[in-house]
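Only one chain comes next, encoded as structure tokens, the form predicted alone.
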């Protein structure tokens, strides 16, 4: 199988290292807006650099992995669709819901498989938590807690194009809540705060946000996101049921410490970033895409899933700005 990789920045380089080791993939073509960077990455992993995205599509790959900057996602996904090529794309598919719907319409018309990069669905802990809920072990689900807490903020230049903290960080948690519970979000009430660097407010963003989600079965879910978690990278999903609780992300490297005297915490070195925390998930995610591109399975995370998570993020941002609950049906318009 021949796979193309577009974009070799931070996440693209991570995918390059994964693709080179996946069984069944014989050739990985690498393209980037900076051909020199593409060659450096390709040489590092023993892949095949190409001069441009045009050259990559001219080589007729079986699948394309898009890890380019967000602004290029919609065009690249559309191009893959028109070429009849299975496509994997990091979130988001487009900067807004309208753009996402347009991309999905093009993909559907072309009839090509699309997988979106919500890697938490492939994390062993997240999968185990979902299975414990599905099996009935937890009883009736009443509360969900999810968080994405970064150890340090991104560069100031990143914020104006990030879409805001709920679309950039919280969208992963919103997808995880939908995926794990099997329920849909019907209402969001969110707020945010800025107590860190001034460049968040300058970008009309916040450095910390909380969102309360009401699901269609009455379950309540709380999502917390922050750019300032000095203890380390902390990403968890907690499912609280009438018979028990399952927690994904509570392992030896969770950056948590008990305040109870004489009670030890996890104790391991905290995860430094998403690449460390979700290393196994990223491999499983692209292995699944290889199966999608080969026609062995259907997409485990399609475009409609990405759109639903985007709606929740839109509702959270609108709620934060207007300080009121927002129904999901309001942002679908």
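Residue numbers count along the first chain shown, from 1. Owing to the predicted nature of the structure, the values given are computational and were not obtained by experimental measurement.
Omitted from view is the form predicted together with a small molecule, to which the following refers.
Between the small molecule and the residues 102, 203, 152, 72, the one pair within 4.5 Å by heavy atoms in the predicted bound form involves 72. This chain lacks the partner; the member of 301, 293, 67, 28 within 4.5 angstroms of the small molecule in the predicted bound form by a non-hydrogen atom is 67.
Proximity of residue 33 to the small molecule in the predicted bound form: non-hydrogen atoms within 4.5 Å are present.
For residue 10, a non-hydrogen atom is located within 4.5 Å of the small molecule in the predicted bound form, even though that partner is not displayed. The shortest heavy atom separation between residue 53 and the small molecule in the predicted bound form is within 4.5 Å. Although the partner is absent here, residue 226 sits far enough away that none of its heavy atoms falls within 4.5 Å of the small molecule in the predicted bound form. Residues 57, 115 and 286 are none of them found to lie within 4.5 Å of the small molecule in the predicted bound form, as judged by heavy atom distances. Note that among 205-213, 115-123, 248-256, 183-191, the stretch whose heavy atoms approach the small molecule to within 4.5 Å in the predicted bound form is 115-123.
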